[in-house]
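Given as structure tokens, the chain that follows is alone and in the form predicted on its own.
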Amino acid sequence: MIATLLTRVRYGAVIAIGVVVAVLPLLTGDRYLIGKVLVFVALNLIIVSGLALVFGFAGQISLGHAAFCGLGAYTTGFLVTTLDWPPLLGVVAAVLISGLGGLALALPSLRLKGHYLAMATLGFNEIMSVLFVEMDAVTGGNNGLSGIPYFSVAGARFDTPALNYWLVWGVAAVVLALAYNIVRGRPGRAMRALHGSEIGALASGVDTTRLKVQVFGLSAAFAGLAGALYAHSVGFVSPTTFSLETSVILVAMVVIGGSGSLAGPVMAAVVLTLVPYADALVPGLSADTVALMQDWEADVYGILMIGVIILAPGGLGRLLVSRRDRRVAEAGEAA
């Protein structure tokens, strides 16, 4: 009874948040907040939802997701601006190429675990960073790729901050729903078994090799989707956007959010994405205060990670689950 009530409360909270997100452009005319800050939040949610599957559930670490994001951004940018492809086909191609890139990286890395897998994905990110600069004819080199139009499909153009906001958040909602259904179903149970013990998962009949490749490929496709939407939202793609630092920040969101949870990484992604844009959320902040916060951004992420590792090793998600379980147990004892 108590568990059912908590489930209803949780679903009610999700619906309430969804309504607030949907009507927010109607409540404010702040083009910077709607057209940039909150769009970046949604884009990071798309990436983190896939990274949570790889790291938080399957136990495979990746420091290369910024590269997959860049691969998706440059793919749609090149196809749309140079080859005059429709934006929809450009985004589809970006997702497919990023997903195939994830599969190509996963296959030779199957024997790697822990720090070795992290180093392999880190190397991939560095290789792609060099290619984004050196493949000048496709990427524009250090100058970047500009002139990328807003997303459009069947004559409908998402060419205002509000329309683009609804597009990106709508895609983020679909991706989060897909990730939630994956972790709640049989694939989620298989990933948890893999995370707990690969030998135990094999003994239980889980094809761990196939599972690793599929999860990594899907996660890379999510990152490519976010990169493609980023390109159409900003209209410009630069190599510096998809550096190793970006990959580390994305991993920090999942670590702080916790393993075995989607809600934790989602909350962490929202908070950590908003930190550099405090001036858009808190009126009256001085320019010096904003500059100080931005200068110490990486330090804040590091301090948060250390604090979570020491105080809540399972992350925010595990902490929330533990509290919920305690409330259910206390309610059962009281009854």
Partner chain sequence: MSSDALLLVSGLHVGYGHVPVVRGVSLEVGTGEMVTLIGANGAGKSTLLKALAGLVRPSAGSVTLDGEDVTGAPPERLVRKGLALVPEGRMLFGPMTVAENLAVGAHTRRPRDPGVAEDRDRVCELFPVLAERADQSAATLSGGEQQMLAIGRALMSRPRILLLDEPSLGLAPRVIGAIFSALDRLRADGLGILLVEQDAKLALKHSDRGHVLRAGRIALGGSAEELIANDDVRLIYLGAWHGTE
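Residue numbers count along the first chain shown, from 1. What we label the rigid core is the largest C-alpha set whose atoms superpose within 1.5 Å from one form to the other. All values reported here derive from a predicted model rather than from experimental measurement.
The protein also exists as the form predicted in complex with its partner chain; that form is not presented, and the subsequent description refers to it.
Novice: Do Arg192 and its partner chain share at least one heavy atom pair within 4.5 Å in the predicted bound form?
Specialist: Although its partner chain is absent here, Arg192 would touch it in the predicted bound form, with heavy atoms inside 4.5 Å.
Novice: Can any non-hydrogen atom of Asp207 be found within 4.5 angstroms of its partner chain in the predicted bound form?
Specialist: Result yes; Asp207 sits at the interface with its partner chain in the predicted bound form.
Novice: Although the partner isn't part of this model, could you tell me whether Val130 comes within 4.5 Å of its partner chain in the predicted bound form, counting any heavy atom of the residue?
Specialist: Residue-level check for Val130: no, no contact with its partner chain.
Novice: Although its partner chain is absent from this view, report whether Ser197 comes within 4.5 Å of it in the predicted bound form, heavy atoms only.
Specialist: Yes - in the predicted bound form, heavy atoms of Ser197 and its partner chain come within 4.5 Å of each other.
Novice: Choose one stretch from 101 to 109, 184 to 192, 238 to 246, 71 to 79: the one whose residues place a heavy atom within 4.5 angstroms of its partner chain in the predicted bound form.
Specialist: Among the listed stretches, the partner-contacting one is 184 to 192.
Novice: Pick from Ala156, Ala137, Ala203, Leu83: which has a non-hydrogen atom within 4.5 Å of its partner chain in the predicted bound form?
Specialist: Contact with its partner chain in the predicted bound form is made by Ala203 alone.
Novice: Superpose on the rigid core, then tell me if the C-alpha of Met191 is displaced by 2 angstroms or more between this form and the one not shown.
Specialist: Yes, the C-alpha position differs by at least 2 Å between this form and the one not shown.
Novice: Examine Tyr277 after superposing the rigid core and state whether its CA is displaced by 2 Å or more between this form and the one not shown.
Specialist: Superposed on the core, Tyr277 moves its C-alpha less than 2 Å between this form and the one not shown.
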